[in-house]
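Only one chain is given next, in structure tokens, and it is the form predicted alone.
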Amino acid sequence: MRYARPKNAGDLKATIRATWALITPEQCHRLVDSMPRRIAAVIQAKGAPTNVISMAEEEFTDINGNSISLDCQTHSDFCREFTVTSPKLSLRKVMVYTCFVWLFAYAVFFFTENTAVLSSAIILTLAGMMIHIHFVKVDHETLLIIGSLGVQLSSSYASGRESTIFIEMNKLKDIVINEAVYMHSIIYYLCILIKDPADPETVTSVVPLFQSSNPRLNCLVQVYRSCQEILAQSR
């Protein structure tokens, strides 16, 4: 809409309707999901202006084409926090998985008349769902880079469980965008290069970032540029 030039009230109404129609439910969900972080930032700033930057206007997707969001919070010139939010757990997929398991169990029960099959199907469904939301489904992935200290990687799972990894700055050689072959196609991923303490020019290991959300290149470039700005000031 910023590039539209309505000539009269009718054109303005038509432009507003067309722009409104372009807003997807995924964009609305991303904005709603970002509200807790925005409110926390306002509380931390005691009502003063915050440094929360939402990149909701730009469309970000993962390697499978699913919509994701990227939020950047600047705490200081040497500290920035990036959060990639993935789509919520799909109720439709849960229902399809449940129906498939139960229909298969009922078919086995129909031929064997063994009630243990139905009980096993219920236990298998519940156990599978618990494992998925507690160990597999990640809602948020966060990269916190502090120029004087290091990098903290956090993952928030659908069950509420969180995992955190901290890498000290003296162990970090660089943050780069690498490429890999996935399903007969080239994908890009952001990673941290860990250097050898005995030989700073040697890379001992690579730590991939945003492994669950798998953002596309345009999202990775946003994070990469900001990280390089902080690394350049720290060196």
Partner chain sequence: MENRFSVSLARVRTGLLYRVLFSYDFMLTFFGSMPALVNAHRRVNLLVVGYRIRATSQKSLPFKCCNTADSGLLVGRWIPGHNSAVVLAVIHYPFIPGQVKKYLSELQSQTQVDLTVLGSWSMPKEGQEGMDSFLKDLSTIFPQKCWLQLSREIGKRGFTCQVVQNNGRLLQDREQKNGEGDKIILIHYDQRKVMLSQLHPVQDVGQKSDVEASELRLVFQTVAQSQPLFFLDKYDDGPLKLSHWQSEGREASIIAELLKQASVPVCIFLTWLLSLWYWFCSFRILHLPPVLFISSKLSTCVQSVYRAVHFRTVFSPKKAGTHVEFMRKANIFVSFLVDIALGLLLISWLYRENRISKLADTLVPVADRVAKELQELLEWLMGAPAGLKMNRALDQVLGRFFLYHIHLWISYIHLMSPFIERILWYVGLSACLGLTFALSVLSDIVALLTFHIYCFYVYGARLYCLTIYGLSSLWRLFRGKKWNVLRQRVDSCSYDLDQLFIGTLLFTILLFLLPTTALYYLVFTLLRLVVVLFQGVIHLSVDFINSFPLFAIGLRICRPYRLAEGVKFNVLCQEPGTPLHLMMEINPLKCSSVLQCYRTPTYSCYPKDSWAGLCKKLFVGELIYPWKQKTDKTD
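Computed from a predicted model, the values in this text were never measured in an experiment. Positions refer to the first chain, counted from 1.
Missing here is the form predicted in complex with the partner chain; even so, the following discussion is about that form.
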Does the 4.5 Å heavy atom contact test between Cys79 and the partner chain in the model of the complex come out positive?
yes
Ile146, heavy atom within 4.5 angstroms of the partner chain in the model of the complex
yes
With a 4.5 Å heavy atom cut-off, would you call Glu59 a contact of the partner chain in the model of the complex?
no
Does His75 make contact with the partner chain in the model of the complex, using a 4.5 Å heavy atom cut-off?
yes
Checking a candidate spot here: are Pro36, Ser67 and Tyr157 all in contact with the partner chain in the model of the complex (at least one heavy atom each within 4.5 Å)?
no
Of the residues Thr164, Thr112, Ser120, Ser90, which one places a heavy atom within 4.5 Å of the partner chain in the model of the complex?
Thr164
Can you check 138-146, 82-90, 98-106, 121-129 and let me know which stretch has heavy atoms within 4.5 Å of the partner chain in the model of the complex?
138-146
Heavy atom within 4.5 Å of the partner chain in the model of the complex - qualifying residues of 192-229:
Pro197
